[in-house]
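Read the single chain below, which is given as structure tokens and is the form predicted alone.
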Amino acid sequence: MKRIIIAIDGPAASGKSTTAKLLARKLGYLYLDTGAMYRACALAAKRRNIDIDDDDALKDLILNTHVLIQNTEQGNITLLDSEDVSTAIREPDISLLASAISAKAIVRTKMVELQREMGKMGGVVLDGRDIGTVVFPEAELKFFIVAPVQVRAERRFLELQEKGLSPVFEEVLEELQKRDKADSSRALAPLIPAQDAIEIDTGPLTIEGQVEELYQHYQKRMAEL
């Protein structure tokens, strides 16, 4: 059976990463969390006190930083220069910095190059902000996942609590609103749905319902190929 590229885009905390991960498992596909790659770049910049508006310093950082998404039996882990930073990159301040750094051409060019290399053989589910519009515009199946910002803030709040952090809901909500504005208004690869993307509102859906809805679209698409 043909193994295709499935692109899932959408705003932060819309449920796309969890859905992508479970859909990939259901299909026996590779899951690639591209957002984690930008978060890792943001963490590297923060640790080295790099001003992301300093183009020369940022270029030097990105060209000398190794980011890798590795699949393990426990799921994906994000490696930054061989260090597992899967938890560190989920801090709220890293989320906002990731949005800013992902708008930088040198960063996006390097990460897109890595993403295309990892997904070029198909049999992969990728989620992010511009997978269907920039990274893999030729993907055979594209989704744009949305949900009301209040719902997304509640999800992110609980996610952070489960990681042992102590988030403040109002701060989580404000951070998401800022992230939405930054992602959708940036000049380089803004967050917009691909023309042929299927929009899914996950607000009223359970995680199981989200996965099943995408799976039904997958089956329909495969029947067309």
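All residue numbers are counted from 1 along the displayed sequence. These figures come from a predicted structure and were not determined experimentally.
This protein has a second form, the form predicted in complex with ligand DC, left out of what is shown; the following refers to that one.
Picking from 63-71, 195-203, 166-174, 33-41 the stretch near ligand DC in the predicted bound form, with a 4.5 Å limit on heavy atoms, gives 33-41. In the predicted bound form, at least one heavy atom of R108 sits within 4.5 Å of ligand DC. In the predicted bound form, ligand DC sits within 4.5 Å of a heavy atom belonging to S99. Ligand DC is not shown here, and in the predicted bound form it never comes within 4.5 Å of any heavy atom of K46. Contact annotation for R186: at least one heavy atom lies within 4.5 Å of ligand DC in the predicted bound form.
Interface residues of 53-80, taken as those with a heavy atom within 4.5 Å of ligand DC in the predicted bound form (partner not displayed), are absent.
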